[in-house]
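As structure tokens, one chain now follows by itself in the form predicted alone.
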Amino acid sequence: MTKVFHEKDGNLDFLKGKTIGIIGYGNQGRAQALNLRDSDQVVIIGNRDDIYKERAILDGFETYTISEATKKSDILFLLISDEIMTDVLKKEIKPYLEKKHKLVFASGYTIAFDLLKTPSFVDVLLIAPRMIGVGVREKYLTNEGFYSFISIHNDASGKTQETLLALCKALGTLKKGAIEVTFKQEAVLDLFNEQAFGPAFGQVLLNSIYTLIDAGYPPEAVLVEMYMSEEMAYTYEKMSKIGLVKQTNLHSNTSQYGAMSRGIKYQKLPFKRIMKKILENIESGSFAKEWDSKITKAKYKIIKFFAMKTKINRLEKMVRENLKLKEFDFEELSKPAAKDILQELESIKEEIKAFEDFFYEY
């Protein structure tokens, strides 16, 4: 039976006399550092000289280089991106690790797919919040807590479980629940959500939008009806609190009958077959190998460029202007840069053309 830990399972006494080093002061780093400090823990920050380090100083934390923070800490939270994790661990952390150290990961990805190796003499833990950084902080302040997936990859000290649950309590996740999984299960669940459910939902949403617009309905009304009203976000919230099916009782009888009677029309679509293939690709490590290659990084930039040029982006811009909504300006890859990269990638030109056709259609 799956183990789920709650507030009574954590004891902060196991953290007495320990210094916690937060490596990386981004969204998760800042939220977790503040939560730990508010739980009366000794917290320092290890970060490179950038705007994140400046923010940590403004927040009142003692800040050091990553290597200095490693030396001064007993417990290290590695809250940096997977892409730089291996390099940073090898050059700035590993040379200074001792038996006293415990490494805490927020994602099982690099360990699960053998992208990095940790020394056998240190404890290796996982605390993976199922919440973005802002939510981790907000749920701590409101005393609600947030779900996390937790695990132990290496128990060199023999006391890792107690430390893990104490850290979970200090972070505030035990108020909601910490669910025990393996590092690989956490990584696969995360990737599957991103690669199977997310894209499938996106296609359903886009096809719904264009079906209505092609039938002559005003774009402003369509986008508000489909997602801009935030009714769907409210429904998702009720799904989590009441239940996937039970929350339908909050809707009208007309709504319930329409959804249930028409839902059967989608049962024979090959969702499960496609999702099973995606799951197998993730579990086998094929996706991790693909993402780790240099050519994939270049391919990603091109795909993102095309994604930013989709019809829905142009449509949204017009609708947001008409509704007088704030426009968020995210930096995107410039067209000349995309073309330059494309010329260098002869081996994947056909594949890139398929991406271009797909994104321009939507």
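All residue numbers refer to positions in the sequence shown, first residue = 1. What you see is a predicted model; the values in this text were computed from it and never measured.
Omitted here: the form predicted together with a small molecule. The next part is about that form.
Contact with the small molecule in the predicted bound form, defined as a heavy atom within 4.5 Å, holds for exactly one of Leu76, Leu79, Val124, Cys168, namely Leu79. When the small molecule is considered in the predicted bound form, only one residue from Leu103, Ile282, Ala106, Leu164 comes within 4.5 Å through any heavy atom, namely Ala106. The chain is drawn here without the small molecule; in the predicted bound form, the stretch among 293-301, 35-43, 307-315, 48-56 whose residues come within 4.5 Å of it by any heavy atom is 48-56. Put simply, Ala221 is far from the small molecule in the predicted bound form: not one heavy atom of it is within 4.5 Å.
Not displayed here, the small molecule is kept clear of Gly145 by more than 4.5 Å at the level of heavy atoms in the predicted bound form. Although the partner is absent here, Met131 sits close enough that one of its heavy atoms falls within 4.5 Å of the small molecule in the predicted bound form. Using a 4.5 angstroms limit between non-hydrogen atoms, Met85 touches the small molecule in the predicted bound form.
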